[in-house]
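Before any questions on how it binds or moves, here is one chain, the form predicted alone, in structure tokens.
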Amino acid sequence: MIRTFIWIAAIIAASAIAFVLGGYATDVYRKMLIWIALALSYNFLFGTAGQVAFSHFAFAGVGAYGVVILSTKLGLPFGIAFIGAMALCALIAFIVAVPSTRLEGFYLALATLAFAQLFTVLINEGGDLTGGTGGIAGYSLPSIFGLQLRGPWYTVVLVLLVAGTLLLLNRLDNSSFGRACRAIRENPAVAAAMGINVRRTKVITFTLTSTLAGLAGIAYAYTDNVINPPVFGLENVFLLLFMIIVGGMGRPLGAVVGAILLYLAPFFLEPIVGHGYLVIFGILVVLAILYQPAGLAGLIDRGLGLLRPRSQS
């Protein structure tokens, strides 16, 4: 009961922020929420299941381009376009997962990197269908069941997206499926000996998290009502990876904290050090790997552990 109350209070507080922010701050807040949603799903794929994949932003692009092309280019109703884009993400993710999840480590990373590069080429060379290097603009989110989701109300939708993603993945993490993913991450051979279907679990994990990335991509498509290839490039994939390592691999709290810190950091660091903030990111990742493998989530746990005895005394 208390946990449910905390969930509701957190959603209300995060939604209320949308009604007090200005235009630029609202844009930053919206994109931060999308980064958190992407970090949560990638954290489950990479941190919990141990699959080193570089295709997460490509699937976000599939969702974004899919819903916009289906609704604006083909003229389908938004509901059908939304379902079609999600189904397309799931189908492509499954097709990529079946051969690539036979691989591990460096080879899996290369296979998913190849897919991400292929997607980038396709949207850059897609002509009128994808808008080429300029992308697609000039569209807007239509009314849904008579509701116009504009301004702060669209930000509330993004808050619900993050909350839904977190709740779903948290339940999976604490289920037998989540335990199977962790066992496979630690030692696939031992997991198979325990009766876990390693191949099926990997395919399901990859397909599910990639589809969630597509959902975040659909949400991104209507933040600025414009999509273009650079957003779904490799630079953002590595930033997402940094978020998980610095925040704490395999921990939803780590994904949230890492996403907030590394997304907002350039706004404070770039005026001081310019593009050198990327070097600072690299140093943070190295320090996290060497001295704090549990990431910022581990530091938070340690801090709370120090506070408990004092509160009881």
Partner chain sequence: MSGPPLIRVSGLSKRFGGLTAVEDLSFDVGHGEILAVIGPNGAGKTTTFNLITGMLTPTTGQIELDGQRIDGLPVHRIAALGMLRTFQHNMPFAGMSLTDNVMIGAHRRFSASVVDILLQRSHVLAEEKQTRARAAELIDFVGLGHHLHADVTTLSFGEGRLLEIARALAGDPRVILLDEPAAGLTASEVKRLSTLIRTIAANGVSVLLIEHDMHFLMPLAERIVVLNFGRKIGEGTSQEIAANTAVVEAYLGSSINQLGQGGAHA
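This structure is a prediction, so every number in the text was calculated from the model and none was measured. Numbering follows the first chain given and starts at 1.
One more form of this protein exists, namely the form predicted in complex with its partner chain; it is left out here, but the text below deals with it.
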Legend entry - Contact flag, S140 vs its partner chain in the predicted complex, heavy atom cut 4.5 Å: no
Legend entry - Contact of A189 with its partner chain in the predicted complex (heavy atom, 4.5 Å): yes
Legend entry - Contact flag, L168 vs its partner chain in the predicted complex, heavy atom cut 4.5 Å: yes
Inset, instruction - Answer for K73 alone: is it within 4.5 Å of its partner chain in the predicted complex, judged on heavy atom distances? - result: no
Inset, instruction - Select from the listed residues L161, L241, L208, L108 the one whose heavy atoms reach within 4.5 Å of its partner chain in the predicted complex. - result: L208
Inset, instruction - Could you spot which one of F94, F177, F78, W153 gets a heavy atom to within 4.5 Å of its partner chain in the predicted complex? - result: F177
Inset, instruction - Pick the stretch from 78 to 86, 215 to 223, 192 to 200, 153 to 161 whose residues have a heavy atom within 4.5 Å of its partner chain in the predicted complex. - result: 192 to 200
